[in-house]
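In the block that follows, a single chain appears as structure tokens, in the form predicted on its own.
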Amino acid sequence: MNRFKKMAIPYLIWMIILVLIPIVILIIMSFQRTKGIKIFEGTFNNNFKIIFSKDVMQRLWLSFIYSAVVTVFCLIIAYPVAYIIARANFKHRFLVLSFLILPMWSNTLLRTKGIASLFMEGNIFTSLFEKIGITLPTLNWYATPMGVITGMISMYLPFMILPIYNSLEKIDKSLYDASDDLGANAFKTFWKVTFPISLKGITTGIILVFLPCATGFGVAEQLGENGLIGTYIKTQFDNEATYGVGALVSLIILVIIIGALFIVGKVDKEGETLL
């Protein structure tokens, strides 16, 4: 046992260097007004009043609205897809699932750029059809709520499908037989057996979709939305004079993420839905 503890020492060192020390730096910077990461040269500043400013509150609220809408639509789409794949009686189910989660293996920026280009005038589809004399209507969804939500759904949908599928696929088939023997119809079997057992996957999927939507900036920014809290943090770190504000808002987001991971740990202690 002691030998395994010694093997964990390198990982502990890396965690201290790459996680603990940066968090400590953020905490110190959040109480300072500093140009760049000069934590020992900054002056004390009460950045906490910025948190309750109208701009930050509006961005937090908008981020919450976008994230909630995207999460709900991802759940509505992902659950039937995961259910059909998990209950289907055909071989190579994993291959079908792989096609659904294949976008996760490609570069996020390139995918977002591709989706954003489809919402602009003169995209590749309209251009191709114009060459053969067919004029297609342009969506013009770029930098609109519809375009941002649609783009986010397409980006984060695999993160909802995978944990739900894993939870459904691990259900013991004898439970369905028992429910059938007891006279339950298909709907009652789903409501009393399938859905309660799949709640672990649903909870994990909701967190995996909601958190990136609420805290990230890359996807929304590429889709033309610059009013979210993630973009605000990026803007603060783009300006050396406001590193302290960016650090403080980042810490608040970090606390939210840690809280969400704590919930996942309580709901899914074995990590079954992520395996």
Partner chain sequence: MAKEKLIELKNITKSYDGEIAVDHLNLYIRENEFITLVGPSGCGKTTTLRMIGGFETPDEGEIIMNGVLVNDLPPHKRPINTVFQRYALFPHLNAYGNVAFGLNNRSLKELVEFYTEEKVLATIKELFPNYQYQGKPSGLKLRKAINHLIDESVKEALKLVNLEGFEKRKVDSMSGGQQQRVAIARAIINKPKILLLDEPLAALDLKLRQNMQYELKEMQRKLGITFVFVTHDQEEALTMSDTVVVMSKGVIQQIGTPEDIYNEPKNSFVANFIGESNIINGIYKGDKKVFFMGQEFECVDENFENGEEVQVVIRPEDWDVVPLDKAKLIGKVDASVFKGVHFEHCVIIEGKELIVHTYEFVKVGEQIGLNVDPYEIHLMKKEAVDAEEVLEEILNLEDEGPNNE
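Note that the structure is predicted; figures quoted are calculated from it, not measured. Numbering follows the first chain given and starts at 1.
Beyond what is shown, the protein has a form predicted in complex with its partner chain; the following relates to that form.
Annotated contact segment (heavy atom within 4.5 Å of its partner chain in the model of the complex): 193 to 201, selected among 103 to 111, 193 to 201, 151 to 159, 122 to 130.
Mapping the unseen interface onto this chain, residue 93 falls outside it, with no heavy atom inside 4.5 Å of its partner chain in the model of the complex. Residue 182 belongs to the set of residues with a heavy atom inside 4.5 Å of its partner chain in the model of the complex. Though the partner is left out of this view, residue 84 does not reach within 4.5 Å of its partner chain in the model of the complex, counting heavy atoms only. Contact between residue 174 and its partner chain in the model of the complex is found at the 4.5 Å heavy atom cutoff.
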